[in-house]
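Only one chain is given next, in structure tokens, and it is the form predicted on its own.
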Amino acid sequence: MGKVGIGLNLEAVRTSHKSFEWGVQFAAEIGYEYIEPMVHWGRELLSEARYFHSVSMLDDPFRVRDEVEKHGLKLSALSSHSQASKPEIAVEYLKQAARFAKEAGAPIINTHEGHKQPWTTKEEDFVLIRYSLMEALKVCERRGIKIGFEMHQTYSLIPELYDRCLNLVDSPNLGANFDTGNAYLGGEDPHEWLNRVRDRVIHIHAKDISVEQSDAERGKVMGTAVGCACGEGVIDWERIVSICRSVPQDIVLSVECGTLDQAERSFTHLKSIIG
């Protein structure tokens, strides 16, 4: 059995207008073992002014590595979401993310297929997604970096089509970044779905969904940015952890919540289960 770790996706500090460095220290002080930063192309005002947690891939990757090591943390993955159905975005974005991840020390880069374009057919979309993944994986494989493909949009929220996405490229470096909250909001049982893809899972977004959000949005939206505190919603975390422990490799539960208080409560709840 693999080890189950607890990490924090730095989306938790987004609404607090804090920097990447602040977020790393915050996660360490709570007791998290891992973090999942977000990276982006180019430059923009908020990150440069240190009011936003995302890191530009034009920065030195050692900025990320050194800050994480200073606080005794590890990187579980990089949130490098680009739209795989748009190769003009995804190919170079993911290739750069793979190079950045290698130097920063992150083993996984996470992405998804993106929004459906009105001018393409379903079959055309799968060709575009395959092209993006194939080109990115050429860079990933040489560096030992994996792509975590997340269920988030048009096709990946349907289990059979998510399987198809995971099988578009025959590569050991392509796996599932399973998002418990997105799976639930898509109308599926996330526990059963996780068990279904357990052999492909390499990373998990630990996202809980409140009863209020469930009543308002389940079956009506394609994923959600963040959830409520783990343990305060509809997800059975003891069951999720049990499935993760049956996976032969180590798995990190990367908490995706919306506030600092939720990040603290999520850690307390998951820690009580994992030990």
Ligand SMILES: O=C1C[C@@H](O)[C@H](O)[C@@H](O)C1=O
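Just so you know, these numbers come straight off a predicted model, no measurement behind them. All residue numbers refer to positions in the sequence shown, first residue = 1.
One more form of this protein exists, namely the form predicted in complex with this ligand; it is left out here, but the text below deals with it.
Contact annotation for residue 85: none of its heavy atoms lies within 4.5 Å of this ligand in the model of the complex. In the model of the complex, none of the heavy atoms of residue 46 sits within 4.5 Å of a heavy atom of this ligand. Shown alone here, residue 152 lies within 4.5 Å of this ligand in the model of the complex, counting heavy atoms only.
The shortest heavy atom separation between residue 113 and this ligand in the model of the complex exceeds 4.5 Å. Checking 235-243, 62-70, 204-212, 23-31 against this ligand in the model of the complex, the stretch whose residues place heavy atoms within 4.5 Å of it is 204-212. Residues 224, 225 of 211-226 are found to place at least one heavy atom within 4.5 Å of this ligand in the model of the complex.
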